[in-house]
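To begin, one chain is listed below as structure tokens, in the form predicted alone.
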Amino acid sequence: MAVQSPKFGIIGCGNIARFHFEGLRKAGAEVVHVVDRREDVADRYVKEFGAKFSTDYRALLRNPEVSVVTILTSSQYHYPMAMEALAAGKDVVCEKTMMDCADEAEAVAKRAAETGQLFFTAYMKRFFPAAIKAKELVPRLGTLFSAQVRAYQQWGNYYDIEPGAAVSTMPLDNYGGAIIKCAGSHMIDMTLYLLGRPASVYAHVDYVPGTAFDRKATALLEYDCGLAVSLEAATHPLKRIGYERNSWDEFIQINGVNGRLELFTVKWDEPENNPALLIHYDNETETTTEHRFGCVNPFDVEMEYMVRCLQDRVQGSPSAVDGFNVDLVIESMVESSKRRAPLTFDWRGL
């Protein structure tokens, strides 16, 4: 049986689009239709791939040549685009966060399962070689008893703000939230990827006074096995902290009775500067191994993997259910903070 090569239609040519286009180019994939509100922004990609151009995403959905729809718009538009793409019989690749709320995410995940179309949520940090190796090594840690997760990004000083001072609305307008959705979502996904779904959450979300701009979020994720995970996402003004000493401070540490894993990621849009680092301590041999892979752009690995899954008609991960998982954790963190009480997760049969 001949392998069917996926043909991509891309909706949105903003900042993150360049990584998708480049990854698809390196994977040898065809991009046949490109959509953006601004033709001048899309022009470079239209010319590079010899693709059609439209300002209306529905024109792309009507194009019989498109077999896969990649959604790279602000998350507020993801739900109608994803549902209409599935209804049109298209496979879908959707940037994070998958949806604006858990109800939307649940509906999309269930619809994808009903249609049998492939659906991928683009959490690219899973595709660092160090993250893949960490997943392989987690079972060697034995019984897990604690983990710490951090996502600190330098956005400036949002703490010493005068009452009534103007605060950027861009994260809220584009993503429906600030630090949790923009930074925390990736590390929430990484936590679920490595450790599975937690049973409950108790969280505190700190907002710029008088606004809906979340500048810091702290959560305790509890598992049925007794494992407790401390997770924090925060904006900060510190210029020289983190693994690369460039302000990007993102890591996950997992402790088990047989050892420890520490995973340090690198700045998302500059992965060519340094590789992500994985440190494995083995308690039996009392030795520590540093896994330093070559510099790899995880978007390239992600796109190659998704193209292969689409060719083979295999539903890989992160899937729509993985996207739902993150959206539910985010929503539950916010609700727990409002109630000042722990919440038990309802995974809704997904």
Ligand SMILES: NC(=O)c1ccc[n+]([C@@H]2O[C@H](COP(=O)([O-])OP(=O)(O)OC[C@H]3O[C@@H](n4cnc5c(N)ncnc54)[C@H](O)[C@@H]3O)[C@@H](O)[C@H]2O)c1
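Every value quoted in this text rests on a predicted model; they were computed, and no experiment measured them. Note that residue numbering begins at 1 and tracks the sequence as displayed.
In what follows, reference is made to the form predicted in complex with the named molecule, a form of this protein that is not presented.
No residue in the set Met187, Thr218 and Gln253 has a non-hydrogen atom no more than 4.5 Å from the named molecule in the predicted bound form. In the predicted bound form, at least one heavy atom of Thr73 sits within 4.5 Å of a heavy atom of the named molecule. Using a 4.5 angstroms threshold between heavy atoms, Met81 counts as touching the named molecule in the predicted bound form. The named molecule is not drawn, but in the predicted bound form it has no heavy atom within 4.5 Å of Cys295. Proximity of Tyr243 to the named molecule in the predicted bound form falls outside the 4.5 Å heavy atom cutoff. Among the residues Val46, Cys309, Ala59, Val41, the one placing a heavy atom within 4.5 Å of the named molecule in the predicted bound form is Val41. Put simply, of Tyr175, Tyr207, Tyr159, Phe145 only one has a heavy atom within 4.5 Å of the named molecule in the predicted bound form, and it is Tyr175.
The stretch that touches the named molecule in the predicted bound form, counting heavy atoms within 4.5 Å, is 92-100, out of 199-207, 218-226, 133-141, 92-100.
Counting a residue when any of its non-hydrogen atoms is within 4.5 Å of the named molecule in the predicted bound form, the hits in 122-136 run Ala122, Met124.
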